[in-house]
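The form predicted alone is given below as one chain in structure tokens.
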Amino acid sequence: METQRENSASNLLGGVWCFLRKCLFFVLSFGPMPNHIAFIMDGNRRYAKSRRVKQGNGHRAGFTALTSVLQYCYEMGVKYVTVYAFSIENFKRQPDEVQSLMDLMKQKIDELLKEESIVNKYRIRINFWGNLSLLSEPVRLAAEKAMASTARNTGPVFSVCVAYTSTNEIMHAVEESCVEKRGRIRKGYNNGYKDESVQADNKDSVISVTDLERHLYTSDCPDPDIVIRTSGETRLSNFLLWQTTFSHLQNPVPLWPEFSFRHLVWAILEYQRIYPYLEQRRTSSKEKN
């Protein structure tokens, strides 16, 4: 009987909290709202160290924070959320730490696909961006399964940058553009070019910015409106360098597992404050181009 009362009270409080969030999001919606927020989830290891627990517990706390932040973002109407989960540089860490992170990543990807998960609740489409061949096979297969399982979902888009650096992404885009251009030149040569290297049309042989952007991992997503790096660090650490020219960069002090609802709301308010300046810069850039 006591347990039932506790559950009823918990459900009541949960309902009130949900209602209050909706009211606050309604008020926020009168200002400009971001369409895409990107997070550099920094501070999991420092969080674990500060609490004298194992590093794995810090990363688990980080995943809990991520689930909450995703829900808040989607409740307020943010269509795209991207997170920097694991850099190519992170493979230089101790082998046992890397393996522990791979195991945890596999576990959390599997959890995202469960029936009661946030992915099914909001019909989220999942992307994994990066050099997935560098991942352990179980993690790579789990990532591929998650992308295939959610490919037809029509809700928000959740993109995870794993085994990723922006340098590697740009290099991949250049390589793919070269392969595409080479194919066009060969096709033109077979249709009448006598000298493939000299007489190919300039349009077919020159790689443009549009070509590169079409082959970036982010080609089907808008550029981030806000980039948030927790723990107070101001570095982008090779994350979405191409896509963040006009993004609002924010560096809140809390470590990632400590990042909460109030920090997210404050980030939206800061974005709304700076929005006119960002729009002016975007407009000015378009006019110059």
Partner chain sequence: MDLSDEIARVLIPPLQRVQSSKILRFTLGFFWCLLHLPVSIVHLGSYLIKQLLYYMISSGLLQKYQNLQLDKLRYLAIVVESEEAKNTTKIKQLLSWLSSIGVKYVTLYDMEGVLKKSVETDLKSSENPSYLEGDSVGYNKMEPVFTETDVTNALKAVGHGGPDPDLLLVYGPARCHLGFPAWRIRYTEIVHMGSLRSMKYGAVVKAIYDFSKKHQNYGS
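Residue numbers count along the first chain shown, from 1. Worth saying up front: this structure is predicted, and the values here are computed from it rather than measured.
The next section is about a form of this same protein that is not shown, the form predicted together with the partner chain.
*Asks:* Counting any non-hydrogen atom inside 4.5 Å, which residue from K187, R152, K92, K114 sits next to the partner chain in the predicted bound form?
*Replies:* Selected residue: K92.
*Asks:* Can all three of T165, L236 and L249 be found with a heavy atom no more than 4.5 Å from the partner chain in the predicted bound form?
*Replies:* Every listed residue reaches the partner chain in the predicted bound form, so yes.
*Asks:* Hey, in the predicted bound form, does L28 get a heavy atom within 4.5 angstroms of the partner chain?
*Replies:* Within the cut-off, so yes.
*Asks:* Verify the contact flag for T283: yes if a non-hydrogen atom of it lies within 4.5 Å of a non-hydrogen atom of the partner chain in the predicted bound form, no if not.
*Replies:* Residue-level check for T283: no, no contact with the partner chain.
*Asks:* Although the partner chain is absent from this view, report whether A148 comes within 4.5 Å of it in the predicted bound form, heavy atoms only.
*Replies:* No, A148 is distant from the partner.
*Asks:* Although the partner chain is absent from this view, report whether M171 comes within 4.5 Å of it in the predicted bound form, heavy atoms only.
*Replies:* Judged by the heavy-atom cut-off of 4.5 Å, M171 is in contact with the partner chain in the predicted bound form.
*Asks:* Among 214-222, 132-140, 175-183, 104-112, which stretch has residues with heavy atoms no more than 4.5 Å from the partner chain in the predicted bound form?
*Replies:* It is the stretch 175-183.
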